[in-house]
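Starting off, we have a lone chain in the form predicted alone, written out as structure tokens.
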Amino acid sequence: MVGLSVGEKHFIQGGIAQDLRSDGRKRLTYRPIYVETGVIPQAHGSARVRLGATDVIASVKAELGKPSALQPDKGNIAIYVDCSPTAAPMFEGRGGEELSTELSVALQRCLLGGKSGAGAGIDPTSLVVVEGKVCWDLYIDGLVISSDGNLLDALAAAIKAALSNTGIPKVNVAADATSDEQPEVNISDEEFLQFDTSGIPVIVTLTKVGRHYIVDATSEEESQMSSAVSISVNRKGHICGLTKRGGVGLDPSIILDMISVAKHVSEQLINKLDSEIAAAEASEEES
């Protein structure tokens, strides 16, 4: 954990109360966000996102698989996060494993709509090649390289950028297979299908410090939090998922206020992220 003196704690809390944080930002202002795409050549799509000193990478790998019998019209998507032990001292040993699991679960809930799949940003039906027989399985991996707070928002942004960078090979199915057989498939080397990532939400984490909440908290600010609520919001302003950290309970009226703040903040974040992704894709094509 971040070791702060009493004076430093008062300085952080006092600044947040006066809407002037240690690094000069207001309560609802993000740090500059930087996006690179195509950073892992062997993945089907990848991206790196930096928010201040927080640095994360997301990669997408697609493999042909078989839909489950319970959901024959859906492909499978798995999200797994790994916290590099070099990213922060607390990631060594059990701490890193626990945080990896917590982040993976939160991303599944916020981006895939949890177990029910309601409000999912990624449509699993778009991954089906032949209903009940062939589908794409997406493996989305997040890696935390350097941590200075707000990991969940950064990872969600990196996943959105990696998916917009993803091209899945077109699959041609042999027409002569009988309905009982597993059909023969031919994977194209030249034709690729792009994802429509416009529906993929961003995650806005509101961290409560004292009586106020802030976005894009640094590690020092997170060490002073009573609780944090992460809300995933898509371009239409729909809430796709919600997850809470920290032991302090929150009044329902505060949650509703947080949701309306998250909706407001998400608009700016989505616009900024989309323009950064577009610029990254353009510079990748030039190189």
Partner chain sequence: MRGLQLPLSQTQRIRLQRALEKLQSLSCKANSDASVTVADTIPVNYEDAFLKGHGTTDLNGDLVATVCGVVERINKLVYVRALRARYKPEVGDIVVGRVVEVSQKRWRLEINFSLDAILMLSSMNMPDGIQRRRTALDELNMRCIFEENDVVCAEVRNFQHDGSLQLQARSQKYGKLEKGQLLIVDPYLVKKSKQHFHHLEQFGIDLILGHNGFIWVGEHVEARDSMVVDQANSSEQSRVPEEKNQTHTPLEMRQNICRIANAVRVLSTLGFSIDADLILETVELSSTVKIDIHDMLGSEFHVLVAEREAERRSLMGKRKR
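Computed from a prediction, not measured in an experiment: that's the story for all the values here. Residue numbers count along the first chain shown, from 1.
The same protein has a further form, the form predicted together with the partner chain, not shown here; the description that follows concerns it.
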property	result
Lys160, Asn172 and Phe192 each touching the partner chain in the model of the complex (heavy atom, 4.5 Å)	no
Interface segment, criterion being heavy atoms within 4.5 Å of the partner chain in the model of the complex, picked from 258 to 266, 233 to 241, 65 to 73, 27 to 35	27 to 35
Exercise: Ser275 in contact with the partner chain in the model of the complex, heavy atom 4.5 Å	no
Contact of His44 with the partner chain in the model of the complex (heavy atom, 4.5 Å)	no
Contact flag, Glu281 vs the partner chain in the model of the complex, heavy atom cut 4.5 Å	no
Contact label in the model of the complex: Ser22 to the partner chain, heavy atom within 4.5 Å	yes
